[in-house]
Ligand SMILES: Cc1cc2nc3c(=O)[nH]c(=O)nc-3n(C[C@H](O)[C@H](O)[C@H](O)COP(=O)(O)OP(=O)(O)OC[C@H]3O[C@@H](n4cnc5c(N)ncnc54)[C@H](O)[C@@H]3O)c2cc1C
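The chain that follows stands alone, in the form predicted alone, written as structure tokens.
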């Protein structure tokens, strides 16, 4: 009998998940026996794949629900500006569809993530003006971990739905499967991008400049063998254009930066190949941990020194540190509360570590580097943005504590109520 490996039937961007040899891949909610999980899951939880960029969307001997096949609809309502998307829609496909109508949704630096990007917070270069992705959810439909169907609208929310609505915004994967979301969209405007390689001193200066940016501007940086930065600005108003011109004048001293103007956000492509950050080999596995913290201010020199020390002991050239800027609109809770509790965050750095598949020694080095680097950065960025689940690593409990903080006990209560059989990933 021929053995068919998971990697031959389950194509996802994350190589860990692709190689995981899942017990089974299913594509419809009707295939799930919520109250008989011993029969389907063998007393193990269900993995969910919306875009496939996280290593947790498929695990060895676990069942994966792949939403991309049957829950990939996109429908834009031109009258109210709301787009309805299925739970398996990729952010790149969402932007492509909205571009037809001159609209946008504030997605991240990559087009590959699915709806998981939205449900875990959703940080974009445009978030400082338009808020987090979860702030722009208008309605949600799906199934609780106990199998009960729900449909909740922001404008018609019932008292008994408030707890579910709030927890879905930031903690949905632990107790629900989202099959459809309605999102507020925005009119597209030209986007200015000022990008290029900088040195350590220039990065310090750019961080200090960025912490006084108005809402239409944000800074993104990546620090590996070299440092690459993006200043992203939306040119929506007359004031935007004046502010941006003043900014460009101040950036003239950074000789290596190049300025480009794109017709809309969907035309921007981040992570140029010249960065050499991503190992092209299909045999590499990886993990990512995302942090949150406030203004760096006068500590930028100390931060750069810390990162230099971290980079000196990188296990390979595919490991790096990067960051996105928050603030302004992301600091404000929109209507009902959410489970993105660290609203005072200004920076979201992330650590990326990588190793050759099946090389257990290199994996141990890479994971240790990840954890040790995180410990060194906690002074600057004490909290966690839980964009990926790491319940297979021994840092999971600490990540959960730091991600949900004062909301964690309530989240555990909601999971006990709505996912009593533990059908979905554990807290």
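Residue numbers count along the first chain shown, from 1. Please read all numbers here as calculations on a predicted model, not as lab measurements.
Just so you know, the form predicted in complex with the ligand exists too; it's not on screen, but the next bit is about it.
Undergrad: Would you mind picking out the stretch of 354 to 362, 385 to 393, 398 to 406, 367 to 375 that comes within 4.5 angstroms of the ligand in the model of the complex, counting non-hydrogen atoms?
TA: This holds for exactly one stretch, 385 to 393.
Undergrad: Check each of 152, 247, 109, 304 and return the one that places a heavy atom within 4.5 angstroms of the ligand in the model of the complex.
TA: When the ligand is considered in the model of the complex, the option within 4.5 Å is 109.
Undergrad: With the ligand left out of view, choose which of 210, 296, 137, 119 has a non-hydrogen atom within 4.5 angstroms of it in the model of the complex.
TA: Here the answer is residue option 119.
Undergrad: May I ask whether 49, 324 and 348 all come within 4.5 angstroms of the ligand in the model of the complex, judged by heavy atoms?
TA: Contact check passed for all of 49, 324 and 348.
Undergrad: Quick one: is residue 231 in contact with the ligand in the model of the complex, heavy atoms, 4.5 Å cut-off?
TA: Contact check for residue 231: no, nothing within 4.5 Å of the ligand in the model of the complex.
Undergrad: Residue-level question: is residue 76 within 4.5 Å of the ligand in the model of the complex, judged on heavy atoms?
TA: Residue 76: no, not in contact with the ligand in the model of the complex.
Undergrad: Are any of the heavy atoms in residue 173 no more than 4.5 Å from a heavy atom of the ligand in the model of the complex?
TA: Taking the distances in the model of the complex, the answer for residue 173 is yes, it comes within 4.5 Å of the ligand.
Undergrad: Wondering, does residue 271 line up within 4.5 Å of the ligand in the model of the complex on heavy atoms?
TA: Because a heavy atom of residue 271 falls inside 4.5 Å of the ligand in the model of the complex, the answer is yes.
Undergrad: Go through 65 to 82 residue by residue and record those having a heavy atom within 4.5 Å of the ligand in the model of the complex; state none if no residue qualifies.
TA: Only a single residue, 67, comes within 4.5 Å of the partner.
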